[in-house]
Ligand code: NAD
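What follows is a single chain, given as C-alpha cells, in the form predicted on its own.
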C-alpha cells in the first residue's frame, strides 16, 4: 500500500502553495529518507515559489531548505548516517565532489550543485529525501525548531563574518538586524568582535542591543555613515550586509574602513551602486558570500550547542505557510518563522498556533 504525506506544493509560480497529499518517496542508492520535525521558512523560499530568479525550479515542487528531522530509512551504500539520527537538510542538497570548487571546500558554488526546495523537493513536507554526504549532523541537546534556522540563516551569516577575515576586537557592522542579522550579531560577539548594528527598524535595533551589539545606528536618523564612522573611529573593519536593500549596500561600502572588507549576503533587485573611486582609493575589498561549506555548518551549529547563538523564532503549522509567505513578503516577520511538524496538538500543549496566536521563542538573553 502506498504511503502518503502532507506537503505544501508550488504548482504555479506566483500563486499560493497548495496543501495536498502526495506519495512518500523511497530512498534510492546513496539516499536517505528524513521524517521532518521542523523546517524554517526563508526569503529564498518566497523567491522560489514566485519564480523570481533566472534559473527557475521545475514545477510542481516542494519548497523548504531548513529541514530538521529523524532519518527514517536509508538506501543502499549509505555509511555516514543511520536510522534514528537527527539531521538537517540544508540549501546545498549535494554537489559533484570532484570539481575545483568541491576539492577546495567551496562546494556551494559547484557548477553541478543541487539545491533543496529548489532543484529537488524540500522540507515543506512530512518526509523528504536527502544526500547523507551533505546533511548537517545536529548536536545533541539542540532542539529541532532551534536548529532549523541555523542551517541556512545561521551558516550564511557565520560564513559572511568569516569572509570578512577580522581579528578579535575589531569592528564589524551588521547591516540589517532581522532574520539574518540578529544571528550575525550573536555570531560576531561569540567570535570576539565589536558589533555595530544598523537597521531602519527601532525594534530590531533594540533586539540587537539585547543580543549583545556594542552600538546601534538607525539608518533613517540623520547621516548613518557619519555615525558609524564616529563609533568605529574611521569606519568598520568589516561590514556584513544582510538587508535586501540597495541603499543599505551603498551605505555599507561607505561605512567600511580603509583596507576593510564589505561582505554582501542580501540579494536586493537591481544593480549594485558601487562608488568606484572610494573603493579604489580606500583599498576596500567587496566580497560576495553564498551560504557555507560543511565545515562551516558544523561550526555554526557548535556555537548554538554551546549556548552562544539562538535564533528568535515564531512557530507555525505547515497549514499556515501561505499566511507566513504573505507576512514575509510585506516585511512583517521580525526574525525567523519555523514550521513545526511535532505531532502534538495546540490543545494538548496549551499553546495556540497560526496567525491568530503565534508561539514565540526569543534568542539568548
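Since we're looking at a predicted model, the values are computed, not measured. Positions refer to the first chain, counted from 1.
The following text describes the form predicted together with the named molecule, which does not appear among the structures shown.
A.B. asks: Which one, 213, 164, 87, 248, lies within 4.5 Å of the named molecule in the model of the complex by heavy atoms?
C.D. replies: Checking each option against the named molecule in the model of the complex, the one that comes within 4.5 Å is 248.
A.B. asks: Which of these residues, 136, 291, 262, 193, gets a heavy atom within 4.5 Å of the named molecule in the model of the complex?
C.D. replies: Of the candidates 136, 291, 262, 193, 291 is the one lying within 4.5 Å of the named molecule in the model of the complex.
A.B. asks: In the model of the complex, does residue 75 have a heavy atom within 4.5 Å of the named molecule?
C.D. replies: No, no contact at 4.5 Å.
A.B. asks: So, in the model of the complex, is residue 328 in contact with the named molecule at a 4.5 angstroms heavy atom limit?
C.D. replies: Within the cut-off, so yes.
A.B. asks: Please run the contact check for residue 300 against the named molecule in the model of the complex: heavy atoms, 4.5 angstroms, yes or no?
C.D. replies: No, residue 300 stays farther than 4.5 Å from the named molecule in the model of the complex.
A.B. asks: Heavy atom to heavy atom, is residue 184 within 4.5 Å of the named molecule in the model of the complex?
C.D. replies: Contact check for residue 184: no, nothing within 4.5 Å of the named molecule in the model of the complex.
A.B. asks: Using a 4.5 Å heavy atom cut-off, which of 184 to 192, 228 to 236, 77 to 85, 151 to 159 contacts the named molecule in the model of the complex?
C.D. replies: That would be stretch 151 to 159.
A.B. asks: For 193 to 214: residues with a non-hydrogen atom within 4.5 angstroms of the named molecule in the model of the complex?
C.D. replies: Contacts from 193 to 214: 198, 199, 200, 201, 204.
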